[in-house]
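We've got the same protein chain twice here, in two forms, each standing alone as structure tokens: structure 1 and structure 2.
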Structure 1
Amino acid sequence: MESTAATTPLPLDIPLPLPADPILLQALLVVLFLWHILFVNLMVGGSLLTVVFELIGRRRPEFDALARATAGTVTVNKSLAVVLGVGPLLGLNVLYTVHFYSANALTGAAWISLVPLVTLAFLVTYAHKYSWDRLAGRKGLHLAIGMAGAAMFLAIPLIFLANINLMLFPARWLEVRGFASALALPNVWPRYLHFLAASVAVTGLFLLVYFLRPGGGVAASPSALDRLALRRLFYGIALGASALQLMFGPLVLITLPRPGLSWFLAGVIGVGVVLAIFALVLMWREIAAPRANATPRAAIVVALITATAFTMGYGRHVYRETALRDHRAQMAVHTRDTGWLAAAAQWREATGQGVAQVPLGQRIFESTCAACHGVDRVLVGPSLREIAGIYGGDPGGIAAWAADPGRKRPELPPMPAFRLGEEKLRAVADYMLQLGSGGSPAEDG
């Protein structure tokens, strides 16, 4: 990411406090997102496997029955995906307001199309599910309906992913001219392929547990799809898709811009990879196990995949925070400077003085510091007379404290950091010392 405003847009931040502690909000975002993405995976993976099973079912009727039973899970999972999507969407809006809405604006019509596209996808999916018997003699048409629903379910996450990816890279905002150019960013397609592989893998494990649970099963020929055949089929799907994830994972990392990468992130992802490899080994053993010695390890595999998902979800959050850290700091300075300029303009209008007549330190103090520091009385922070007594002859000490404040007095609220730059901090520090010592401020601006 470029660090200069000349190449990176710096929109103004929204000067409103967060409704809760940032750490709590971030933790909620990670957990709520994982719940949401689970059912998105099941929605997408289920729609894809339904089409594949139905295609195979044209030659093997038992797979048509399996496709029909799988389709029944898609309509439920898509509803849960939508309901559980509210939480992480609100979390993104609160924690990353400016970045999220900037990406929304840049992807434009594609982002707005999500709601009608989701609605249409639901209608098509229901039509596919409930027309199974009516269109039994017109399998081509029925398959076309299923494929249309699956295609829409594939498009919806791609739009959302392109938008979320774009919000992480403000340095690329000036290059984007709509959704198509957002798709051209290097990280979009590796992330999307990784997501598709995850969707099929998670759905394979879900169908394994769902159909092989006590009282489960499908109306298929026992001789063709008995429990052992189903177990090997679903484990095979999950194993193959998980192996693809391990292939796409390095592509995701290679195409991520460097500013968000760190050794801590590498450690988090490494833990997830190790857990995933253990899960792959167990799945392979389940596929290769003879009928008599087959040991159900589904609970262990699901636990390992769940732990992997948590590490990857947390890693995604770590990358997001790191990637946006410098840009958010620049935005804070830009927002503060803009507020100072607006306050200075109002002050000049009220007093009739031109900016050249007002010293720089005075301008910054009046617009930024005066709300908390009175000359001879405590407002929010200590008075200027007290500050002058502590820092007399040392304006650099005030500037250093303002740039990176600690907390010396528990009875007073903590002071925020003011990253205004050395020149401005030194100017306002000189002005504060002059006021606090009872002298006349020197012209400095």
Structure 2
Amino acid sequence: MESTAATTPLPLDIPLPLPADPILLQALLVVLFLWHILFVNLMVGGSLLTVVFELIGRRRPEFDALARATAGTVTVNKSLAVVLGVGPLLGLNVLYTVHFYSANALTGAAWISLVPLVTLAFLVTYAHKYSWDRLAGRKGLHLAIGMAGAAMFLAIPLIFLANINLMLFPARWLEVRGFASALALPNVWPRYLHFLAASVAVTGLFLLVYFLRPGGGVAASPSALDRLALRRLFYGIALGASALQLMFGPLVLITLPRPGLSWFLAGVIGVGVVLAIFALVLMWREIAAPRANATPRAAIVVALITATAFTMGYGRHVYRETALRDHRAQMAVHTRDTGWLAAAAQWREATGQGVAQVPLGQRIFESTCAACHGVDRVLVGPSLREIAGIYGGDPGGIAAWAADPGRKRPELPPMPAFRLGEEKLRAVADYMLQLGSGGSPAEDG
């Protein structure tokens, strides 16, 4: 593998052990991420298809009913997308702490805007779903609400993608100036297109199974469209979007930066492609067949696509591990060495150079009081000269005041309380009186 360039930052890792075997954590991450991305696909694809169906519905009312039923699935799927995202996010955070958080910071404004953006997208989606009847007479407005929601759902994944991509390339971190420049790194846009096509394809299959499930009967189907037509429609959507991947997939592969590529990765992706082609052929034949049910064949298509998703999800992980391997190894060495250095410095400090010799009262005064109290002049609080004038011969008075100060001088900031204990307060008070009355502090012990 290529050695990392001199401009690559080499941070320390978190000096705490991982909470479990990394292989277990990686397996969790891959599996949990697939669950999450399934519902993200259904959320994004669902909101897009809802708008498209509603648009068609302006001429053909049966599509409006279809749009409404689809919208009903989005509000559920979007909630699951968020909660199911927390698990893989946790895995990513614990396994790739430094790489992920560095990418987050570099795109910080966009990253934190996820919170208001997703919240707003969800609220707009609720507004769209729950105003279907009320805005029936103002379809343009209703559609605009739906489109606003879909537009936000289109923007959100881009922020995640930019981060997931940026974390893989520490050699580029010093060049990045915000989210826009992170988007300009190779591979972000091809991956985005690949994701969008997958979202539409997965949603097409989901709607097929959901609306035409056996036992659901025609009553469960959303509109006056007959089952045959629905079947063609959903298979058509899934097939069309999947076919696009024949173009986007290779584009993603070509634009992947070199360091993460390997023959093993090619093998994993290759298996996925073969499975996907089987699914494409099967869908093509199903569209032509005059069957009204989803039929067991749909289960085979879903199984093939699921298996494809697993190979792609695993391939994604293999790429990440390979791309980060060298940098992480260097980080581990650097972290270990710095840990030794810190421990040595701590030991030197503990075994006592530096402190000691200076008397207690002087030490406390210089570290605690001198920033506000000068000898001859007012810095923040009164000078020692003045204090000695007030408390001459009464160090206990200074100690009592310092432990629980009131406020005598409205023109100066209030003094914070110093509960250092009687012994230390007395020592510092003695020292202050000596200094303030012009005496030599040397005799203080």
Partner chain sequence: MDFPIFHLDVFGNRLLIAAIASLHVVINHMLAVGAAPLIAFLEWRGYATGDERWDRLAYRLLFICFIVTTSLGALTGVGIWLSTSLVNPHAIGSLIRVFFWAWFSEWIVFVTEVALILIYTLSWRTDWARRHKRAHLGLGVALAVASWLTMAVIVAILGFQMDTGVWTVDPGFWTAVLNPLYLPQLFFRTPFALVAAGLFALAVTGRLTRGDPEFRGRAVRTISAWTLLFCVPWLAAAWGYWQAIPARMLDNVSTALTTLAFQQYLDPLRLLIGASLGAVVLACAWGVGAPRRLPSAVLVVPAVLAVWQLAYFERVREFIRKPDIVAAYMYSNALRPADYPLYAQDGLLAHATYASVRAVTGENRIQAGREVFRLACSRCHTTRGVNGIVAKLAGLYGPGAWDPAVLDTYLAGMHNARPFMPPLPGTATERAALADYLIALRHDPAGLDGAQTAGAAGSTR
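Under this definition, the rigid core comprises the largest set of C-alpha atoms superposing within 1.5 Å between the forms. Keep in mind that this is a model prediction, so the values were computed, not measured. Counting starts at 1 with the first residue of structure 1 and goes up one by one along its sequence.
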| property | result |
| --- | --- |
| Matching structure (the form predicted on its own), either 1 or 2 | 1 |
| Core fit, then I398 C-alpha moves 2 Å or more between structures 1 and 2 | yes |
| CA of L196, rigid core aligned, shift of 2 Å or more between structures 1 and 2 | no |
| L384: Cα shift of 2 Å or greater between structures 1 and 2 (core-aligned) | yes |
| Angstrom shift of the Cα atom of P413 between structures 1 and 2 (superposition on rigid core) | 58.8 |
